[in-house]
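One chain is shown next in structure tokens, namely the form predicted on its own.
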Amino acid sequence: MSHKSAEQLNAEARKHLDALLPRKDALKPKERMAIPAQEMPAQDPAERRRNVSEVALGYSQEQARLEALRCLQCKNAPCIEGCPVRIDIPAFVKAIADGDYQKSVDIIKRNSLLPAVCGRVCPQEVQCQAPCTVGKALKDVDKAVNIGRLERYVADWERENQSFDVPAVKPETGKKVAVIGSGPASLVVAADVRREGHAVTIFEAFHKPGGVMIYGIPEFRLPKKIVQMEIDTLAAMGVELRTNYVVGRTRKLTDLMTKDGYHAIFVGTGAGLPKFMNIEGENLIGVFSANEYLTRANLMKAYEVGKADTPIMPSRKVVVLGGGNVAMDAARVALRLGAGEVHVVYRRTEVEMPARVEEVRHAKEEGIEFHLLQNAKRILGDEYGRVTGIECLRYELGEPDASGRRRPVELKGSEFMIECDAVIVAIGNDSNPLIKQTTPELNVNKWGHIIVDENGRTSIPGVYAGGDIVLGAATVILAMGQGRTAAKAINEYLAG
């Protein structure tokens, strides 16, 4: 990667734009595809390794308009088919090309309440950008129109220009809805149900709302002020927020209806129960779940050394087990917390990694080392019970498994050691069983995920669910899509 400065990238975009704008209506498809895909300005890797400021700096106005001109405005709009909430992508992109940013963000917000969030953390390369005609014609998904970056641009423009209005709320209906959890699915439900005039209360187990967007995703990927603005908008709409409230412990789920008078409930508690590998040494001092590590660093701001009282173990050499976005987040946070070396160990190849390509690239640029086709066999410790290293095995890829990815097959006798003083396990999450344990009539599958119909209805009348508690670990936009579906069903249920 060239690591051109934001100023250089903007100057190049302005030069292209000055040549194209006077004749944009005459641009032919071949001319549009000849416009270079706009690189995202980013902090220099050497600098960002030791700060938590946002890595990707966002397009300039010139870059955004030039990137938008690359869109062919296909009549069949395959990009919309790839969007879980079916945003009218050609229309919002065309509005950017025309310089009408308010129109652009208004189009997005017909379908998505969190464009600044989705523009930063959603995997557009496997969703809306995957079927993009430009990318297919150029035989490279990286050269598809950068829809996510354009979404982020107009969302940031709206925030910087303070041009947003609080959504209108219909007259009060006298109906009450409880929303359990405050992640992306829950925020969508709260907004859509409140708009219809129903009273909405969000119950959040943590002391701060926002769910995985607050406790899981680091500041350098998603600034917390962006999430807080969405929470503030809900408060301005009249949504009540109750924190430190654990449904299933503070109050049973069904008690909210039978004792507290709620007419409907949405469960959006996420998948926050960390998985472990069940190998020797996982109980040693210095072994963390990625959930705990990231929660301490993000929600409790352990990175503010000297300011925050949150304890987090200072580590010299960290090994992260896993290959998803959470593994990349944990590795990059460990670096920013002062680790001299960070190693990611993953049992397949980079092709099979579920992490976003951009996150893997950023991690590599920051100096994180990747050990592919390898996995931990056991974790080693000293006489005081502290981690000293891991013993790994080498693997090769066999036939595809149920996920469609080739199954890793261990190579007998290939054991080797990696010295370390901390191990972060980032191999996925299960659903927290608390609500199911205290609500036996709620049907779940063998993984503990709540079973719902196509409208988000659970086995209990008036109770709906969506997001990771239904899907398992998924993306922000998929959770939002489920929230929108459930909200529509809740509004119809209350109207009936």
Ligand code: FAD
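Residue numbers run from 1 along the displayed sequence. Because the structure is predicted, anything quoted here is derived from the model rather than measured.
Here the subject shifts to the form predicted in complex with flavin-adenine dinucleotide (FAD), a form of this protein not shown in this document.
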Counting only non-hydrogen atoms, the one stretch of 380 to 388, 396 to 404, 225 to 233, 119 to 127 within 4.5 angstroms of flavin-adenine dinucleotide (FAD) in the predicted complex is 119 to 127
Heavy atom within 4.5 Å of flavin-adenine dinucleotide (FAD) in the predicted complex, from candidates Ala271, Ala97, Ala331, Val345, belongs to Ala271
Interface check vs flavin-adenine dinucleotide (FAD) in the predicted complex: of Phe206, Phe370, Trp157, Phe220, the one with a heavy atom inside 4.5 Å is Phe206
Applying a 4.5 Å heavy atom distance criterion, does Gly183 contact flavin-adenine dinucleotide (FAD) in the predicted complex?
yes
Do Ile450 and flavin-adenine dinucleotide (FAD) share at least one heavy atom pair within 4.5 Å in the predicted complex? no
inquiry  = Check Tyr101 for me: does it contact flavin-adenine dinucleotide (FAD) in the predicted complex (non-hydrogen atoms, 4.5 angstroms)?
reply    = no
| query | Though only this chain appears here, would Ala479 touch flavin-adenine dinucleotide (FAD) in the predicted complex if you measure heavy atom gaps against 4.5 Å? | reply | yes
- If you check in the predicted complex, do Gly216, Leu294 and Ile435 all have a non-hydrogen atom within 4.5 Å of flavin-adenine dinucleotide (FAD)? yes
Looking in the predicted complex, the residues of 437 to 468 with a heavy atom no more than 4.5 Å from flavin-adenine dinucleotide (FAD), listed in order, are Gly466, Gly467, Asp468
